[in-house]
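First comes one chain, alone, set out as structure tokens in the form predicted alone.
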Amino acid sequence: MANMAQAIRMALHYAEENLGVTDIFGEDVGPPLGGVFTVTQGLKTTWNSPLDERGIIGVAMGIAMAGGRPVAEIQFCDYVYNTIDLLKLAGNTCWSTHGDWNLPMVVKTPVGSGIRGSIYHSHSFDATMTHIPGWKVVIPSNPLDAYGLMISACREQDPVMYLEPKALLRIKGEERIPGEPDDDRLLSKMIDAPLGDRSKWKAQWPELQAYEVPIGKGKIVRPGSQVTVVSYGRTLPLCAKAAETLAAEGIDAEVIDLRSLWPYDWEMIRASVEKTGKVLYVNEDTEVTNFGEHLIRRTVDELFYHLNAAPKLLAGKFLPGIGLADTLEMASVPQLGDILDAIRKLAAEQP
């Protein structure tokens, strides 16, 4: 099975061959590195930008305005914050021109903890990005969804922020990408650049097929009847594992993978909460002004009389950064044990 990095790479290849993607660029995105996480190795439209995040976003906007379809990368989301004003302009272009101008551009950036990146390579960006209207925002939790969301993003006429959970980029999926060979070693030989001299290497792409995950549609990862758990990105697999563990204790948790943060699948959340009467929102962004707080507000506003307990949020600590030491990083953001405890406590609450 492909890992998430390979899945995104294959989706980008499909997009440049079939969906009109004209430029895939950013810091170290082109040869010889092919991206710091190897996500862009072997792609034909890649090129290396200067170390200038504002320049990357500005150029992407210009290419899109001129009729191209770019995919721009900010190497780590920690460095996208100095482009906020440009992201705002990109988001309001269609609205402010009364639909006369679209910006069919994708910005991709790795997010979150899990690689011991310390204070400069561990931030989340989901809550901040959802504060910028005019963008669609997606974040996969497995390789197949990563492939399908990238293809959907590259079909959009307006900007899409594609958040890559860096802790999951090397995790293999449980379902094959359409067109992926059955032999994992063969796939690696075909599309992973060798170590050393890569000057003569070219990727040998499998016959990939179209597969889309509709932006705005969540997925029920595990059906349940007692507690709803809503998550995405790095914490989603932890939530699914926690639910399976707690089933042996008689706690039946339903786990929803949002996959898209804007628009998001409120109807799926609504139906689940109406069924279970309890909901826990889990992500690793800092807990103050967290996207989960918005979901709690809407849950209370619209589903108050269906609730058997107050909705809960489990999120990252409100800290300026994440420490380098394992213990500091793991204490800063939700881990499996934290999720198990939070579900147990919520399941035990009586109306």
Partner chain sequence: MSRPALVEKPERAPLDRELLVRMHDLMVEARVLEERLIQMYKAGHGFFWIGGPGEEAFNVSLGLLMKKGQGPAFDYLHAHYRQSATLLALGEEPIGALRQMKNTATDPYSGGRNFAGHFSKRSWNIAPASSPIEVQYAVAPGTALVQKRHGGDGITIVTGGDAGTAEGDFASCLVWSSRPANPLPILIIVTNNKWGISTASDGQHGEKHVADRGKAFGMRTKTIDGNDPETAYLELKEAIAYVRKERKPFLLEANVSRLYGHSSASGANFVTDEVDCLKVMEERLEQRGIMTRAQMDAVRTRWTEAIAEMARQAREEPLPAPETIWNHIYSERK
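Residue numbers count along the first chain shown, from 1. All of these numbers come straight from a predicted model, not from anything done at the bench.
In what follows, reference is made to the form predicted in complex with its partner chain, a form of this protein that is not presented.
- The three marked residues, 226, 287 and 349, fail to reach its partner chain in the predicted bound form, with no heavy atom of any inside 4.5 Å.
- Though its partner chain is absent from this view, in the predicted bound form it lies within 4.5 Å of a heavy atom of just one residue from 295, 309, 315, 61, which is 61.
- Between its partner chain and the residues 205, 101, 201, 81, the one pair within 4.5 Å by heavy atoms in the predicted bound form involves 101.
- For its partner chain in the predicted bound form, the listed stretch (192-200, 250-258, 108-116, 83-91) containing residues with heavy atoms inside 4.5 Å is 83-91.
- Of the heavy atoms in residue 281, none are within 4.5 Å of its partner chain in the predicted bound form.
- When contacts are judged by a 4.5 Å heavy atom cut-off, residue 335 does not count as touching its partner chain in the predicted bound form.
- Taking the partner from elsewhere, residue 38 is found to have every heavy atom lying beyond 4.5 Å of its partner chain in the predicted bound form.
- Contact annotation: residue 300 falls outside 4.5 Å of its partner chain in the predicted bound form, judged by heavy atom distances.
- Residues are counted as partner-facing when one of their heavy atoms sits within 4.5 Å of its partner chain in the predicted bound form; in 225-264 only 262 qualifies.
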